[in-house]
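Let's start with one chain on its own, the form predicted alone, as structure tokens.
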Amino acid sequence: MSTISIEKIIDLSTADPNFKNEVVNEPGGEHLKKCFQCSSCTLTCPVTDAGFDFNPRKIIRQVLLGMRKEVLESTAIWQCVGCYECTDRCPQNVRFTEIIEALRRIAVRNTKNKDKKKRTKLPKQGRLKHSFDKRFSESIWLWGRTWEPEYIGRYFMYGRGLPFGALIGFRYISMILGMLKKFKIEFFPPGFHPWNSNARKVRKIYKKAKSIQK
């Protein structure tokens, strides 16, 4: 007896036809429209292979169809680990890993949309990933390179929310002390003060990058 597969019907009545153009205009998304859905990205993806609900081909298809809300509010765009296997295997040089980064930036930016109906609501996984990346970047801006005790501490306090984030951080005190004892992380910040020459050089790079984005 043959089985009949029931496909999910996609409602495109609320689709945003300009969404794909927005992604293309975002740094990293320039090659989006080159995709011809060969599935090479999905077949080579270790995250998909591990059983996660992550399908690169599907994400690109949703973007092309204008499914803005479904893409930007999904957990899928935050599951990519950035291994670049998909980019290496893609016959069209779509560069999916960079498209994911572009989608993340659009999603975060859209959380501040003045129109509440169009505002993006990040999933928990997205909020934590964005918070971690932000603290990491801030630590480099402040010290010239990362200082682990400082940025991990701020991640737990601000990324996880006070006061619960601080309480969660205490669970890792023994591990942090052990790493300090074995000199795996530095007790003092790089240069001992935030105004060292390396930090100033890094800040110039940050400022130049921001001016290019504008």
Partner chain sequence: MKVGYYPGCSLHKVAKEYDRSVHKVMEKLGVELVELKDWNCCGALEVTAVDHLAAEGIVARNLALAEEQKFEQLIAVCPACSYQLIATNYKMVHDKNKADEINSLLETPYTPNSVKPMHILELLRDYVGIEKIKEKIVPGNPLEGKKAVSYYGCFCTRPGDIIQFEDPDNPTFMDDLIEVVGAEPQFFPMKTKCCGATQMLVAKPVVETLTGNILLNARDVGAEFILLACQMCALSLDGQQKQAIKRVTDEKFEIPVLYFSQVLGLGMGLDYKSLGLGSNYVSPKKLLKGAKT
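Positions refer to the first chain, counted from 1. Not measured: the values here are computed from a predicted model.
Omitted from view is the form predicted in complex with its partner chain, to which the following refers.
Engineer: Applying a 4.5 Å heavy atom distance criterion, does Glu148 contact its partner chain in the predicted bound form?
Structural biologist: Although its partner chain is absent here, Glu148 would touch it in the predicted bound form, with heavy atoms inside 4.5 Å.
Engineer: Is there a heavy atom of Asn21 no more than 4.5 Å from a heavy atom of its partner chain in the predicted bound form?
Structural biologist: Asn21 lies outside the contact set for its partner chain.
Engineer: Check whether Gly82 has any heavy atom within 4.5 Å of a heavy atom of its partner chain in the predicted bound form, and answer yes or no.
Structural biologist: Taking the distances in the predicted bound form, the answer for Gly82 is yes, it comes within 4.5 Å of its partner chain.
Engineer: Indicate whether its partner chain has at least one heavy atom within 4.5 Å of a heavy atom of Glu186 in the predicted bound form.
Structural biologist: The answer is yes: Glu186 has a heavy atom within 4.5 Å of its partner chain.
Engineer: Under the 4.5 Å heavy atom criterion, name the residues of 110 to 146 that approach its partner chain in the predicted bound form, in sequence order.
Structural biologist: Result: Gln125, Leu128, Lys129, Phe132, Asp133, Lys134, Phe136, Ser137, Ile140, Trp141, Gly144, Arg145, Thr146.
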